Every structure is written in C-alpha cells, then in structure tokens.
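The form predicted alone is given below as one chain in structure tokens.
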Amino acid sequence: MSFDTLMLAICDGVAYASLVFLVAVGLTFVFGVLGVLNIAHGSFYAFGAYLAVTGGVALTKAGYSPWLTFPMLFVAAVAVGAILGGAMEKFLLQRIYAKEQVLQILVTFAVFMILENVQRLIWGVQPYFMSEPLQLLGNVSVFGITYTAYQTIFLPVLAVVVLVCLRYFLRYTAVGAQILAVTEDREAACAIGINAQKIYFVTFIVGATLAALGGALAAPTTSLIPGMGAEMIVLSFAVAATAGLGQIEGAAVAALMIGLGRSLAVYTAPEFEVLVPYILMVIVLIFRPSGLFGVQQLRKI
C-alpha cells in the first residue's frame, strides 16, 4: 500500500468512525441507563438524515443562504430526538421497563420495522443527497492528500466535542449526577427523591438525538436510501459490543478501531469491507466477553 493510499484510508476511516461513534454512543448510553437494547435506534439515524436533507434542500430552494444547511443538521437531530424519541419513550417504553429484556428487544424491533415503512411512505425509495455542507467547507491538504474539510476536520472535531460534553454532563451537572445515581441503584435513587421516570425520559431523548445527529451529519457524505438505518444499527451494535455495553469512552475507541479497519479493507481487500467490523468484534469478544472496556458482573443463580 502506498503512502497516499494509506492517508486516504486514514481520512476515510476517521470520518466514518466519527459518524458511527455518534450513533453507537447514543445506543450504549441508553442501554447503560435504561437497560434497554433499542433496535429502533437505527430508525432515528435514518429519520435524522432524511429530515436534515429535506429541510436543507427546502431552505436553498427558497433562496436562503446555503450556510443555513449547517444549523439545519442540528435542528433535524433535535427534532427527531425530542419528538420521535420522546413519543416512543413516553407511550411505549415506560410500559415495558419491568418486563423481560427479550420482550423489550422484540418491541423495539417492531417499532424499527414500522418506522422503516413510514420512512418509505414519506420519502419513497429514490435516493436523496445534499452536498452544500461538503462544498461550503472546501478541501484541505493532509500530507499531500486533498480531502474534504467536512470529513477531515468538521466530523472528527464534532465527535470529540460530543464525547467531552457528554462526559462533562454526566460528571458535573445535577441531571448527570441523577442519571448516574439511577444507573447505579434505581430504588435507592427513588428513595432520596430522584424522579427515575423523568431521568429515563431525558436519557432516551439524548440517546435518540445522538443517533439522529449521526444521520444528519452523514447526509452530506452519502446518498440516502431505504435500509440505511438497518445497516447502521447493526454496525453500532458491533461497536457497542466491542467496547462493552454502557462504555461511553470505549465506544469512541471501538468506533475508531472499526472505522479504520473497515477503511483499510476498502482500499486493500474490498470484498472484506463488510466483514472486518464483525471479525474485529468476534476477536475481541473471544478474549474479552465483556468487551474491551466492559466490566464483568456477578449473576445470581
């Protein structure tokens, strides 16, 4: 592999890892607090992407500045997280928190299938694309390789900002402290006056918003097609399992590892592009069943 090809693979891998991290950290955050493995998480990713493109294209067609497509990415993510995620938690998940985990998975899978069809009803099967954010930031040169600034700088920096803000939120804010208390012991947290139901609601909206943000930010880099949510949720599970469910910083490391591995496969052995993330996951789980950063827990028999 030449040096230029290696640099291209690294740029591709880091950009892809940034997007996967945003989705995977939302998934692992929700699981860590609520204990729910949300299959419908992939639908939030797809809805965030489609809504961002719909809003961005509408703004540019109406004659507004193309720079407004940037805030539209975040508006779309928050809208999907608050409305779609909030409704799902309020009217569905609150009724099954006390049920078996298998039932929770089946219910969220059913929601995922419903949302996939709703997505087709609203946007059809034609591909959507919005290139304005990519074009507006232009290109940069990295060790002689010209690459888009959106993927080389914007996406990785935003992923790091999200990681730092999420960790700060959990450690240094009152709501974050309440989330950690509920995660450790829900009954004890309720006994000291913490509203666990409200904490679950906030946590799920944050997780859904992160998934939608990953989709919205991915929109300028790829064509939106039906099924994109299914592909991303499977990959997010691989990242979360590799890191260890509930591990926020671990999700960043696992996403980078899988993103770079997948990108190197694209340039050296394209037939293994799809397999590499799962091969890495299997190798990690064989030697560390709890994931790279997971902690083994005692089970009562």
Partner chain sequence: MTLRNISLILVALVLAAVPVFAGSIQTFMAIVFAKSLAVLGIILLLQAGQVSFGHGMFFATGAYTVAFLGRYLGGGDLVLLVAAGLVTSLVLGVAVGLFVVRYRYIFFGMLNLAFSMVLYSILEKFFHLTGGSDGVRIRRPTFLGQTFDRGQFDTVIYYATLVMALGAAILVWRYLKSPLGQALKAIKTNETRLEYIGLSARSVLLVGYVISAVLCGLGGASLGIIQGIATPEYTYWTRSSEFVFIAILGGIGNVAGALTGSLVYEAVRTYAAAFVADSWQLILGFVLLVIILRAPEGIVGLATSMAERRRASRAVETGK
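Positions refer to the first chain, counted from 1. Nothing here was measured: the structure is a model prediction, and the numbers come from that model.
There is another form of the same protein, the form predicted together with its partner chain; it is not shown, and what comes next is about it.
The three residues 76, 150 and 219 each lack any heavy atom within 4.5 Å of its partner chain in the predicted bound form. At a distance threshold of 4.5 angstroms between non-hydrogen atoms, residue 9 is out of contact with its partner chain in the predicted bound form. Under a 4.5 angstroms non-hydrogen atom cutoff, its partner chain in the predicted bound form lacks residue 71 among its neighbouring residues. Contact annotation for residue 107: at least one heavy atom lies within 4.5 Å of its partner chain in the predicted bound form.
Heavy atoms of residue 113 reach within 4.5 Å of its partner chain in the predicted bound form, making it an interface residue. This chain is drawn without its partner chain; in the predicted bound form, the residue among 266, 275, 57, 253 with a heavy atom within 4.5 Å of it is 275. Residues of just one listed stretch (60 to 68, 46 to 54, 253 to 261, 231 to 239) have heavy atoms within 4.5 Å of its partner chain in the predicted bound form: 231 to 239.
For the partner-free chain shown, 92, 95, 96, 99, 100, 101, 102, 103, 105, 106, 107, 109 of 80 to 109 come within 4.5 angstroms of its partner chain in the predicted bound form, judged by any non-hydrogen atom.
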